[in-house]
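In the form predicted on its own, a lone chain appears below as structure tokens.
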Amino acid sequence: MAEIRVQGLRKEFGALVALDDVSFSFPESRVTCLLGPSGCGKTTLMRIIAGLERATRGDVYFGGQRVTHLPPRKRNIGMVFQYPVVYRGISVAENIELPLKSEKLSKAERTARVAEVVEILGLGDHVAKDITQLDNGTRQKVAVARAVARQPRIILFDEPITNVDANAKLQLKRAFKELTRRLEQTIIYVTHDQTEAMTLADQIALMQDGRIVQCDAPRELYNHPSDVFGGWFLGNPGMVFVDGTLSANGSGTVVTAPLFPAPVPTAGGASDEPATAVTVGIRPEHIRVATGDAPGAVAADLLRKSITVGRQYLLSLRVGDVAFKAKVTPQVGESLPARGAVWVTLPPERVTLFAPNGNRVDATLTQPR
């Protein structure tokens, strides 16, 4: 297996900077998802690692080997693309075995490798079928099986389940999860779908404008975004943001914001300035909504509620001029009126503060005494 390391990668397409001096390490035998919106540079980064694209500047290393100028065939990688690359006119088993024949393996070894990936990916009922008899999702499984059976050091997945139907997506996610659990290849998985990334990754490298802005385990990235972009991009919907101020008073540093009934004290993040602008961020599912008053609650208008994934309720709310969303459990959602007055609480321990430049502030809100 091999760690992948990129150093100072820059890629320019004319005036467009697709990668902006990226230096990063993909750990050996782990799954790293490159996640971000369209045009952020994730596919360009993967193609440079694969050798399909030449960087304007910078280097790529597999382990201690510099591979910057090696063609793809000499990098010992497997690749799976958005559309399944399969050979028509032969069976599933023959599709998987075909690239193994050029590696001087015995028939017994080829058969064993095919059997292993067929079992992992649940292709047992299809091994004798011609590729033309399969749906698109099953063909993609075959493409994955062929890449894995070669046992390359590195496998690159470029949005492999984008172009299959919803049922096939679910089956492929389960198959990929089992695959990555049982094998030890270094895997880079490119996607714009955060559900895929959260499900499959050991770590997520979040990209924006040609840079990796944060890399963490999925839950850490979700719960503790390093900037406003991470808070906004992750989640459905993303974080709720409101303007606030960070200031000092007689007892320490406090945050004042429209969704707090009174200034909330912080631990750390004190400023010498009389008042500093901050953005207060919280995940919609962490906002508490009730029909009765409670400590730390503010009065709000419930404008609309609707049922979403998992029978959770998505609420549209307003406090003064501030409109925002909250997500609550089925039990809470059913207890609320369709419209009308409610009470909203932002638990201090769930709140993240961001500076005017968008970066997270090193300060933790605490319960008012």
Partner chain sequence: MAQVGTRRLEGVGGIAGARSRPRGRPFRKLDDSRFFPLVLLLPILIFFLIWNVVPLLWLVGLSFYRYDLTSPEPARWLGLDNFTAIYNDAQVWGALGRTLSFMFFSVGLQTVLGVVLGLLFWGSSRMPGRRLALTLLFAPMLLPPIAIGSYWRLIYDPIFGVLNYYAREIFGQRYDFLGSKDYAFPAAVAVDVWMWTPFMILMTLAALASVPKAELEAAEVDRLPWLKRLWYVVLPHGKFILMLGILLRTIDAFKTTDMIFVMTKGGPGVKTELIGLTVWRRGFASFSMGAASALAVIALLIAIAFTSIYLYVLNYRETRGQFR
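It should be emphasised that the depicted structure is a prediction, and the values quoted were computed from it without experimental measurement. Positions refer to the first chain, counted from 1.
Same protein, other form: the form predicted in complex with the partner chain, not shown, and the subject of what follows.
Exercise for review: Using a 4.5 Å heavy atom cut-off, state whether S102 contacts the partner chain in the predicted complex.
Suggested key: Although the partner chain is absent here, S102 would touch it in the predicted complex, with heavy atoms inside 4.5 Å.
Practice item. Would you please decide whether N76 lies within 4.5 angstroms of the partner chain in the predicted complex, comparing each non-hydrogen atom pair? Key: Close contact exists here: in the predicted complex, N76 approaches the partner chain to within 4.5 Å, heavy atoms only.
**Study point:** 4.5 Å heavy atom contact, P72 and the partner chain in the predicted complex
**Key:** Residue-level check for P72: yes, a contact with the partner chain.
Check your understanding: Wondering, does R182 line up within 4.5 Å of the partner chain in the predicted complex on heavy atoms?
Key -> No, R182 stays farther than 4.5 Å from the partner chain in the predicted complex.
Review point. Any chance all of F260, V322 and R360 sit within 4.5 Å of the partner chain in the predicted complex, going by non-hydrogen atoms?
Key: Heavy-atom distance to the partner chain in the predicted complex: none of the three under 4.5 Å.
**Study point:** Partner-proximal stretch of 294 to 302, 182 to 190, 121 to 129, 88 to 96 relative to the partner chain in the predicted complex, 4.5 angstroms, heavy atom
**Key:** It is the stretch 88 to 96.
Check your understanding: Hey, which residues along 43 to 59 are within 4.5 angstroms of the partner chain in the predicted complex, non-hydrogen atoms only?
Key -> If the 4.5 Å heavy-atom criterion is applied to the partner chain in the predicted complex, 43 to 59 yields R47, L52.
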